[in-house]
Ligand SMILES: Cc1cc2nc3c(=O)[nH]c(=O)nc-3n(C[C@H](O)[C@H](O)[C@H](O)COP(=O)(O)OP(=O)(O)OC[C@H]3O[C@@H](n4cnc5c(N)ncnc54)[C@H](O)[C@@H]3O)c2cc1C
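Taking the form predicted alone, here's one chain by itself in structure tokens.
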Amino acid sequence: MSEGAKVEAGQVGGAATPFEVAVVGAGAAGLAAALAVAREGIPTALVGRHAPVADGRTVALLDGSVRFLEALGAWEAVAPHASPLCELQIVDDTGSLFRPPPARFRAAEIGLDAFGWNVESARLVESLRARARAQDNLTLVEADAAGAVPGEATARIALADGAAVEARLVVAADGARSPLRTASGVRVRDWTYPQSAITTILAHARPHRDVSTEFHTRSGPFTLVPLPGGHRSSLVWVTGEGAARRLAALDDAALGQAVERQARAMLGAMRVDGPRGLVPMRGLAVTRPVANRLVLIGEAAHVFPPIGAQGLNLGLRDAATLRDTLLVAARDRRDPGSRPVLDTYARARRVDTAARTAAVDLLNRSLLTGLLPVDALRGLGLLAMTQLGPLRRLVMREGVLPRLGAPELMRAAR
């Protein structure tokens, strides 16, 4: 089988030698994981079909994630279409008695040009896909996985057309409803919120000046994130399920006016300038992101509302940490699917994943409660970050990339 080749599923079943690693899922996290592992000389398969959905979603890639994408050779094609996030503004719009003044956080205060860069999700995936097609030691299997069965030395991934792929380690990057996770028996805690998110892209009269603004409302966060050109932004409007359905039913002109009102006309007149999406809000966490010859990454391991640009960035840290773990295992000639290697990965991801999931869940629930003590604590916390420089800088640095256990390719100087 040629390296870096696209392979039809039927050709894979007769492979005499199993791959070291097989990544299932062709989204951004799966593509990044496959690229990161293959570039270290580890024979890798990427199983999955690429089917981008036009739903107006963008992703704010934080500084560490951009460093990772640069190392993978995927950032150069994305950069011209990404907008820097130089400032973050949080506005308490809950109507609480303890409402603090708007808070601004500037990347320059922690020595960065930008906290991150905002780009359309489909463009990011296309850039990663292009790199995957050219990557040595990476075989693309354009087929859906029907399941995986672990064995003593390898796991066998059954494909939808009856063929199969064997690997010593399977990486499940197959999304929030991961079939591989379900089949593995990994214990899952999942929950729902009485919210949905409206996503789209907007053109607006006033320039955004590279400032991302998040309004905290009683229904959830309403966020406008800059896009290139100065007069376009992406929208993530989390609100009650009924309100979200009503907003989704509006025509473009009416939705633009609704967004303008919610944003207090901060960016002037608004016009819908891209596809739309309606996404139910839910949460998910696994007790351990590993099972027999299986690792879970991305939304197969953790799901939470789109607050603070944490979702995909957490998934990319999964991918970068997996690369570090497997690189050490390969140097020591250890089985990548062995229990000690899996335990090493699980320990490396435990604190970061649990802390981000809990923080986002707590903030989202605090907006919905309306209880005065909760409002007071949230308001005091935001006020403290505004007034206390060392605390503000600590929060900004940790928000961009955790200082403890940051993966190697996210720490390297650009």
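In case it trips you up, residue 1 is the first one in the sequence shown, and so on. The structure presented is a predicted model; accordingly, all values stated were derived computationally and were not measured.
Not pictured, yet referred to below: the form predicted together with the ligand.
S.K.: Please state whether all three residues 47, 279 and 306 have a non-hydrogen atom within 4.5 angstroms of the ligand in the predicted complex.
M.R.: Every residue of the spot touches the ligand in the predicted complex.
S.K.: Residue 145: heavy atom within 4.5 Å of the ligand in the predicted complex?
M.R.: Residue 145 belongs to the contact set for the ligand.
S.K.: Looking in the predicted complex, any heavy atom of residue 59 within 4.5 Å of the ligand?
M.R.: Looking in the predicted complex, residue contacts with the ligand include residue 59, since a heavy atom lies within 4.5 Å.
S.K.: If you check in the predicted complex, is residue 175 within 4.5 Å of the ligand, heavy atoms only?
M.R.: Because a heavy atom of residue 175 falls inside 4.5 Å of the ligand in the predicted complex, the answer is yes.
S.K.: Would residue 116 show up as a contact with the ligand in the predicted complex if we use heavy atoms at 4.5 Å?
M.R.: Although the ligand is absent here, residue 116 would stay clear of it in the predicted complex, with no heavy atoms inside 4.5 Å.
S.K.: Going by heavy atoms within 4.5 Å, which of 59-67, 341-349, 34-42, 354-362 lines up against the ligand in the predicted complex?
M.R.: Answer to the contact question: 59-67.
S.K.: Of the residues 284, 320, 236, 90, which one places a heavy atom within 4.5 Å of the ligand in the predicted complex?
M.R.: Result of the distance check: 236.
S.K.: Only one of 102, 150, 240, 179 comes within 4.5 Å of the ligand in the predicted complex by heavy atoms, so just point that one out.
M.R.: Only one listed residue qualifies here, and that residue is 179.
S.K.: For the stretch 275-301, I need every residue with any heavy atom inside 4.5 Å of the ligand in the predicted complex, listed N to C.
M.R.: Read in sequence order, the residues that approach the ligand (within 4.5 Å, in the predicted complex) are 279, 298, 299.
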